[in-house]
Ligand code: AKB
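The form predicted on its own is given below as one chain in structure tokens.
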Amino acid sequence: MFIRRRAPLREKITLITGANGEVGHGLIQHLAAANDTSDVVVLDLRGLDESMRGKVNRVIVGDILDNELINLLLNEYEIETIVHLAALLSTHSEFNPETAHRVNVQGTINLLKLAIEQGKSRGSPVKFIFPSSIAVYGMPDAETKQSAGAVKEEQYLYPITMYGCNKLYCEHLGRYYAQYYQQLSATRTLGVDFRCLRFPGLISAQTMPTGGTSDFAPEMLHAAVQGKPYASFVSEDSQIPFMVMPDAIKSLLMLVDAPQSQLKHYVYNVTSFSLSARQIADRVQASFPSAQITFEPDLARQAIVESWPLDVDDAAARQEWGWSPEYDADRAFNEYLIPTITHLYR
């Protein structure tokens, strides 16, 4: 008599890629505070900082371009949600555009295919949360930027950076994999539950700015707290929308939890406040009167910032899944950024 052993059940998990970045850290910290990381597996090329490792189920050091690793994830786990944070960011992408394309586009395709295969095996779509960026926009000139006001999701999609091109293309890939994947097949494959956020410039008080295109705001603060002079790489009238990290994490979690029946779009703008570099400098100097802030625009970086909208319209997110920021400009600076960054140097 033969006894057939039941195959071991795969562990149900949430997969976070690129988890060792500032958004990943913030997401893990929030989930840990809510005692909700027992099923979280993180994947990052650099691993995960020691301070974070006890907050997750497992840390996998690896590359999203590694097909063997993708197959391991497929076979070992039942993945319910993928939060895909891994990317080569804006400034680095300009220096290495072909590498950026491989990481940002092929890496995303690998994970979308993983989600498709997981959906087949579990009989229901995998949630695929994809943070995109204001970099997908391309305003043609300063006059248009001023007159356009708050830009909607479908407007002015002419990015001038490789990062913006990659993000915009991946938004379309997500829509394709959700709605049209294998559309000519005799038996249609279950799509992914693709959900995308377009973030404005993100400001974190917990991590050091790393030279990103919107980092002139946190760089001013860090320099002022340390008593160092700072020369802004954009002009004082340069203006884009911003959001602080706690609101970025809030928006991600809200979109994860939103009932699919309420979602009418694949891509959503989210934002909090819009300030010029001069307005940011004024707020910094109000708290640090001795701060030395000057404006010495770098023409190339300035051009990139000027190609982004003055503000974005996030009405769809507000109407469909109840988005609203906790932090306006006053609260962001007075209650989060200034006290937290000050504490870092005390």
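Residue positions are given as counts along the sequence shown, with the first one as 1. Being a predicted model, the structure only gives us computed values, none of them experimental.
In what follows, reference is made to the form predicted in complex with the named molecule, a form of this protein that is not presented.
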Check your understanding: Has each of 17, 73 and 110 got a heavy atom lying within 4.5 angstroms of the named molecule in the predicted bound form?
Key -> no
Review point. Is residue 212 close to the named molecule in the predicted bound form, meaning a heavy atom pair under 4.5 Å apart or at it?
Key: yes
Review point. Wondering, does residue 205 line up within 4.5 Å of the named molecule in the predicted bound form on heavy atoms?
Key: no
Review point. Just to confirm, residue 90 within 4.5 Å of the named molecule in the predicted bound form by heavy atoms?
Key: yes
Check your understanding: Can you check whether residue 194 is within 4.5 Å of the named molecule in the predicted bound form, heavy atom basis?
Key -> no
Check your understanding: Exactly one of 133, 271, 251, 239 has a non-hydrogen atom within 4.5 Å of the named molecule in the predicted bound form; which residue is it?
Key -> 133
Exercise for review: Would you mind picking the one in 177, 163, 137, 128 that has a heavy atom within 4.5 Å of the named molecule in the predicted bound form?
Suggested key: 163
Practice item. Spot the stretch among 146-154, 82-90, 112-120, 169-177 with residues whose non-hydrogen atoms come within 4.5 Å of the named molecule in the predicted bound form. Key: 82-90
Review point. What are the residues of 307-346, in order along the chain, with a heavy atom within 4.5 Å of the named molecule in the predicted bound form?
Key: 308
